[in-house]
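One chain follows as structure tokens, the form predicted alone.
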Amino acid sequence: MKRPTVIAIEHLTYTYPATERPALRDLSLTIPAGQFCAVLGANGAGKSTLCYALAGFVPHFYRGRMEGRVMVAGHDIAATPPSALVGLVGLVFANPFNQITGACYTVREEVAFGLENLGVPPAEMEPRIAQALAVTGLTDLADRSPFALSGGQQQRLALAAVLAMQPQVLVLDEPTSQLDPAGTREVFAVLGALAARHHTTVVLVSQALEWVATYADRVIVLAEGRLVADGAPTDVLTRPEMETWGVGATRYTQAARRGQAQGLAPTDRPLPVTLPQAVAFWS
């Protein structure tokens, strides 16, 4: 069954104020409901700008010059007030300290903070908070101080606070960049479950290629503001141009390529991008 389109970007070009070079150039893209789409690219490729465009920071906050159109769940982002986007798109930043309020004594209160500001009735708040805590694995930590959590737990808390708002689209700008491997695994597992079980549309900027290959349904690559690759993780992550685009390859792909170059590995099998694929490749 074909999923309905939730995100539709049409010929988007955006230039920040006081700059001449566009951060995004003639970008067109559609993303269906419930898809886990990873966004890759070198620094300055336009990844964060894409996140800001989906969440309405572009053009409402950063201003600048925008051409083209960004549609999310039938709403034209440029024509929709930021206040109306709160329940439509949830944005999670790389550093959870940028989202944790510092005004709440417990994890539960932190998750409730946004709902309280929107005036959501208590009877509706409680189940939304409980569900957000359960999905992110924080139920047992609900009464703990947000500042007594590990980095991975704080990132999941920032995610839970956004999920309680029940956005149709979840946008994450390198949410695991400051996490250790265990924390990174925790966050990716939650995102994978959200897309697979709860049909949340996930757009994730990340450089954690192995986890992207494991959990994402689709990978797109940006280079100098342009869309240069789009497809299944295995197909995109094994493309030789990934080095040119400043993304690179997983350790398993690199090892397989070296093995093929030295005549030690089969040349008639797809290059691996994950450990299970590498085991099959070398077997």
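Residue positions are given as counts along the sequence shown, with the first one as 1. It should be emphasised that the depicted structure is a prediction, and the values quoted were computed from it without experimental measurement.
The form predicted together with a small molecule exists for this protein as well; it is not shown, and the discussion that follows is about that form.
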Looking at Q35, T214, S48, T234 here, can you tell me which has any non-hydrogen atom within 4.5 angstroms of the small molecule in the predicted complex?
S48
If you check G44, G68, G248, P59 against the small molecule in the predicted complex, which one has a heavy atom within 4.5 Å?
G44
Here the chain appears without its partner; judged in the predicted complex, the stretch of 26-34, 250-258, 48-56, 236-244 with heavy atoms within 4.5 Å of the small molecule is 48-56
Within 4.5 Å of the small molecule in the predicted complex, do we find a heavy atom from each of T106, E186 and F188?
no
E174 versus the small molecule, in the predicted complex: is there a non-hydrogen atom within 4.5 Å?
yes
Is the gap between T19 and the small molecule in the predicted complex 4.5 Å or less for some heavy atom pair?
yes
